[in-house]
Structure formats: structure tokens, C-alpha cells
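One chain is shown next in C-alpha cells, namely the form predicted alone.
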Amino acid sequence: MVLSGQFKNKAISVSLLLWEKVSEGRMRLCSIYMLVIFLAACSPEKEKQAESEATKTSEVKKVPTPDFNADSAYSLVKAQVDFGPRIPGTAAHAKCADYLVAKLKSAGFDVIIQNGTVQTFDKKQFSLKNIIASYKPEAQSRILISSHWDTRPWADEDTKNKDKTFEGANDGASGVGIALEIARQISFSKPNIGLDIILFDLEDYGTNGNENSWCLGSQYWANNPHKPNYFANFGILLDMVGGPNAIFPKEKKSVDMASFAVDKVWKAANEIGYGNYFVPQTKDFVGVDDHVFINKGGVPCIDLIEYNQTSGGFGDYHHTHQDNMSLIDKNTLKAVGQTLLEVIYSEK
């Protein structure tokens, strides 16, 4: 059948109209389809997925925790003791300061000596030297490790020769030795965070009954921080950390001032098999120590310090002639040093 011209024109018009409608419908369907895709892409699930992928991309790869070398730490303790008692104002004190600075610099740390004049309880004036070393000083996320490097001038807790000097192998040198070995390990295996090591002077030149006569180096630092508005995520003070079969409870002031840091350290110790050293009990046996003043300086800090289960206080060697190299145990150095490395390399 053949259509007439009039009908043919009408048919063409109808066909065009239908085509326009179909095309319009297709465009609408296409628009709806694109909208659905857009909304799906913007759904919470997709957003979470996108955020997760972005986080994975930007996340810094964890650096494996290195092995703490207890033999090296032991030699670093002995090197300090070999100078003689590091009593402020003596040649041994000055020579040991040079040694500590050189060791920290050799590990790639930025090192400064904070000098200051302080008066001791017996009215003597001393020029203190706080040795401050920094790895990644520009990093906002950082940990502070500290110890004191001076030696008490007298073995006044002994039963004989109370006015004589002693080596101070555990009370002072052990914590410094561990800190130096940590710095050495960092020179080989770079953690993602910053680290500061502060070796405080004139911690042990105090008298009983006057808490403010102790810890003169950390008191000075707390009032005169080496950097304006200095802050670290948390700090760990090492004091008497090299004795055989040492027990480290959760020191009460540490729990009161920085319980989250206590939890981090004790958790790490237990996870790597040193729970026999880091026991879960909380003990109130420290009158004052550097961590008290570090906290006053604005950094939440804990005290890792040996506890004598028999006496309920410090070890029998404390401020006696027994505090010599025969006291230093490599197993204890390893337990403490490896735990601290685990904490440092796990921090984000």
C-alpha cells in the first residue's frame, strides 16, 4: 500500500514527534542513570572505602624493631665507670661529658649542652651540664628518654667509708648506657618518629628531708626548656636499670601522672617476653625523681626504676660501695633496652 502525499507528510510529522519523545526519554533515562551512579559513588560505604584507600596510600610503613645489643650497652656503662665517679666539678665529670656528647653525635643526633648554675643543699655553686640529643628534631610526634649521668659524691648509705666515693654503675651509668645503645641502634634503623635523649646532671647531689635538693638538672630544664614550648608524646626516665633479676613495678607517681605511658611500656614488655621484669603491681616507693620535674615541665613522664621486694624500697646497693660493675647484668639491660626499642618503633 502506498500512502497519499497528505498522509505521508502527517506520518513523517508523527515519526519525528515520536523520535523526539523517545530521544527525550532516553536523555532522561541517561540523566537518571548518571545520578544513580553519582549517588552510589557518594554513599557512606564508598566514602569509607575511598578514605581507607587514601589512608593506606599515605600511611608510613612501620620500621621493624632492631635488636638491642646488651654487650654494647654493657661496654657503654663500663666506659662511663672507667672515668671514675662522675661527680660535678671533677675531671672525671668533664671527661665523661665529652665522651657522652661524642657518642650521641656519632649516632647522628643533634646535640647541645645546656649549661646552668645551681646551688646545692650545702650552699655550693655548680655549673651543671644537661646533655640533650635529638633525632628528627622537626618531627611533631616524639618520645623523650632520660637518665642522670652524675654520681653521688658519697656512699652515705653504706656501713663504712660513708664519706668516700663509689662507682655509680647502676645508679646513673646503667640508664645512660641503655640510652646510648638506643641512639646507636637508631643510627642504623630509622624510626618514623622523633626522639630526644636528655642526660640530666646533678640529680644525685641531695639530702634526705629536702626533696627540692635532688634532681637539680631536671629542675633547671623544667624551668628553662631547651626549646620554647617543647613537648613530647611522653617520656621514660631510666634510673637503676641494670641490676641482676631486677623487678620494675608500676611506680605510683608515674601511674598518677602518665598512666597511658605506663600501659604502653608494660604492654610492650609483656608482648616480647619480659613480663618477669615488668611486673603489674603498683608500688609507692619513690619520693622524688627526675620524672616529677619533667612532668612539671609539660611532658607526661614515667619512672622505670628497680624495686627491692624485701625492703620495699631501692636496692641494697643504693648509695653504697656495692654499686659497681659487678652489679651490672646484661640480661636486665637487654630486657629494658629491647622494651624501649619496641615502644619507640611502635609509636606513630
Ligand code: AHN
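Heads up: residue numbers just count along the shown sequence, starting at 1. Bear in mind that the values here come from a model prediction, so they are computed numbers and not experimental data.
There is also a form predicted together with the ligand; it is not shown, and the following applies to it.
Annotated contacts: 208, 288 and 314 all touch the ligand in the model of the complex [non-hydrogen atom within 4.5 angstroms]. Heavy atoms within 4.5 Å of the ligand in the model of the complex belong, among the stretches 62-70, 292-300, 317-325, 276-284, to residues of 317-325. Of the heavy atoms in residue 144, none are within 4.5 Å of the ligand in the model of the complex. Although the partner is absent here, residue 181 sits far enough away that none of its heavy atoms falls within 4.5 Å of the ligand in the model of the complex. Contact annotation: residue 148 falls within 4.5 Å of the ligand in the model of the complex, judged by heavy atom distances. In the model of the complex, the ligand sits beyond 4.5 Å of every heavy atom of residue 251. Checking 77, 240, 197, 246 against the ligand in the model of the complex, a heavy atom within 4.5 Å turns up for just one residue: 240. Scanning 194-230 for heavy atoms within 4.5 Å of the ligand in the model of the complex gives 203, 204, 208, 214 in sequence order.
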